[in-house]
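Take a look at this single chain in structure tokens; it is the form predicted alone.
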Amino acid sequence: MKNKRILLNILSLILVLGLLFLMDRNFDSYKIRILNLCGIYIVLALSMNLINGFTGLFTLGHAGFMAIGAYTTALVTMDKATKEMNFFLKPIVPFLRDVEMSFLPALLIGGLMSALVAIIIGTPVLKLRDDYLAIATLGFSEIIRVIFTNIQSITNGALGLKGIPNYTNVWWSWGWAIVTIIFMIYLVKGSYGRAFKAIREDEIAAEAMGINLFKHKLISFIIGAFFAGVGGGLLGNLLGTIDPLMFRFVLTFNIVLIVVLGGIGSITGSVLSAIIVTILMEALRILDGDIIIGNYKIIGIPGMRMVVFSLMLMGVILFYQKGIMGTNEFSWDWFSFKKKSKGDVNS
């Protein structure tokens, strides 16, 4: 049975890669961008779900980690001429001016920078719990944004960075999404994952069983920050331009929405929710403009998209109070319809 599941997983992965290949070849640039955003939001949602859902730490600092990853990746992938064009008010610091590297090491450095800051921030704030931890991490996110606005010789201040190489494509965004999914599955199923869940359920009981609370919380926080930094790097090199205003707390709440809608503590839920929310937010844009049905014309109302989206969100939460998947995960057993024999039933 285990070998059968491994075979089904490999076949599913090949099917997904085949679909991505077909979509990459046939979709226009607009649909490709939505497809890329789906992959990026999967990475971001899983990184937040690890901290909030599996470890039970209510943090709201994701936008800050994304900003660190996005700026780091952008600065080390831009060429010298583009940097000089951006930094016309105040020259860029010499140690960044001549740096230029390929996309993979740049993304890894962006993720590692976010992880490093997570160690510095996590050491004091992870002693807090619940709402106090949320407020502290939200404050950290805003501090990062204000710092990036003011260190003009490194981030170009409020002007932001333009002309960032568009390295992010379907294979980069979904490649990282698949890597993140596989990593999270093995992490959650392992000893660290069981420790995270024990901390989420009852910290006192977990500590009584010998689990080092601070160590495991910090590990979860660092891993989440790393993938948030990678997600930020993918987003920056997809859009081609970034500025501090992009990384306001609203961005964090969008990811929280995806995690809650999919199910706190469910990898499958985060993946499904990231895809559904990203596609739905774009599909509903039609409601902001005029709609013509036959001879009738419905005048568009700006903002109607968000009204309808919010109503749909409320409807889903009313019927699925723990999110679409709750804490459940996808299993091949769902497709096992083998009927029990009469002897099995009687027994």
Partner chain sequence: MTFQIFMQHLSNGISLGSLYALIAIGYTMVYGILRLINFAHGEIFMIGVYMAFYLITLVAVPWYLAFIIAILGTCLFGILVEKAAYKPLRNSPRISVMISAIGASFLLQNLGIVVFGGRPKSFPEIPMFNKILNIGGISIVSITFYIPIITIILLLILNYVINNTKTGMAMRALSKDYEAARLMAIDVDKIISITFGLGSLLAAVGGIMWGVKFTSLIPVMGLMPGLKCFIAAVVGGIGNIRGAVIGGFILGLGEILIVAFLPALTGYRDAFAFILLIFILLVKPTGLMGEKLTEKV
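Note that the coordinates shown come from a computational prediction; the quantities given were computed from them, not determined experimentally. Residue numbers count along the first chain shown, from 1. So that the term is clear: the rigid core is the largest set of C-alpha atoms that superpose within 1.5 Å between two forms.
Below, we refer to the form predicted together with the partner chain, which is not included among the displayed structures.
Per the 4.5 Å heavy atom criterion, the partner chain in the predicted bound form is contacted by stretch 244-252, the sole one of 81-89, 178-186, 154-162, 244-252. The shortest heavy atom separation between E100 and the partner chain in the predicted bound form exceeds 4.5 Å. When the partner chain is considered in the predicted bound form, L75 lies well away from it, no heavy atom lying within 4.5 Å. Interface residue remark: A208 is not counted as part of the site for the partner chain in the predicted bound form, having no heavy atom within 4.5 Å. Although the partner is absent from this view, R129 contacts the partner chain in the predicted bound form, with a non-hydrogen atom inside 4.5 angstroms. If you check the partner chain in the predicted bound form, you find no heavy atom from any of L22, S29 and I222 within 4.5 Å. This chain appears without its partner; in the predicted bound form, the one residue of L104, V93, V146, I119 with a heavy atom within 4.5 Å of the partner chain is V146. In the predicted bound form, the residues of 303-334 lying within 4.5 Å of the partner chain by at least one heavy atom are, in order, G303, M304, M306, V307, S310, L311, L313, M314, I317, L318, Q321. Put the two forms on the same core and the Cα of I34 is off by less than 2 Å between the shown form and the other one. Core-superposed comparison between the shown form and the other one: the CA of L313 exceeds or equals a 2 Å shift.
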